[in-house]
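One chain follows as structure tokens, the form predicted on its own.
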């Protein structure tokens, strides 16, 4: 059902009637849809970070501890970026109507570095222009995509301390409220 709804929205195949008896195509513009998807992602990620990770650790929890290698720890819980990736992978199994990923110009995990020119341009833009988003189109294979890049901002000192102190970090001076990377959302057009 979700795939059908998203496909219908993106294709703009819903038809409505205007007051003059003309048929008019209806649907959701890609920018509106990516903005809405990002709002849900940001809310979930922020709440997980503030309501779960910040309260649990790394030093404050004896029962559950958010940790990078959480699968190897009996009381381990995924970090926010890992929860985000798990959500992205689950969505990819449900639909091909959109994709999303968390990326950074300063990734701890190298697979989160930008892979296309628009990803790199978008990440550079949002880092240089706090509070702004980046939108563009790109062709990957035979498909053209509307690609949006949204700022991923450090919402807690749990974010900054984890990144600043990580053994593989290329940047050690993140502060709460700063852009640490970006969320890349793609929809085929």
Partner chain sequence: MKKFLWIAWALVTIGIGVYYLNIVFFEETKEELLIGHSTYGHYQIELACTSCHTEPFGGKDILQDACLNCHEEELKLALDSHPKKKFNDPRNADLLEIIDARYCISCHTEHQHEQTLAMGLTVPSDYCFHCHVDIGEERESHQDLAFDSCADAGCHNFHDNRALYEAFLVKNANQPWLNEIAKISSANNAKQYARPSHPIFDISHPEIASAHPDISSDWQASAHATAGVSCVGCHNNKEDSTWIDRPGLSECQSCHRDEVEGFTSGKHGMRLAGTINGTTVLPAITPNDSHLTFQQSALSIEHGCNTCHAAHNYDRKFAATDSCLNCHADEHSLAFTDSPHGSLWQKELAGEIPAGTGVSCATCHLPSIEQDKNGTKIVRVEHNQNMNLRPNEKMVRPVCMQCHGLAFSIDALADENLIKNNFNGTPSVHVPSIDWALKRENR
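Quantities reported herein were computed from a predicted structural model and do not represent experimental measurements. Residue numbers count along the first chain shown, from 1.
Another form exists, predicted in complex with its partner chain; not displayed. Remarks below refer to it.
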{"item": "Any non-hydrogen atom of residue 168 within 4.5 angstroms of its partner chain in the predicted bound form", "value": "yes"}
{"item": "Any non-hydrogen atom of residue 78 within 4.5 angstroms of its partner chain in the predicted bound form", "value": "no"}
{"item": "4.5 Å heavy atom contact, residue 93 to its partner chain in the predicted bound form", "value": "yes"}
{"item": "Contact of residue 114 with its partner chain in the predicted bound form (heavy atom, 4.5 Å)", "value": "yes"}
{"item": "Contact residue in the predicted bound form, from 28, 36, 140, 121 (heavy atom within 4.5 Å of its partner chain)", "value": "140"}
{"item": "Stretch in contact in the predicted bound form with its partner chain, which is absent here, among 44 to 52, 63 to 71, 127 to 135, 148 to 156 (heavy atoms within 4.5 Å)", "value": "63 to 71"}
{"item": "Contacts with its partner chain in the predicted bound form, stretch 74 to 89 (heavy atom within 4.5 Å)", "value": "89"}
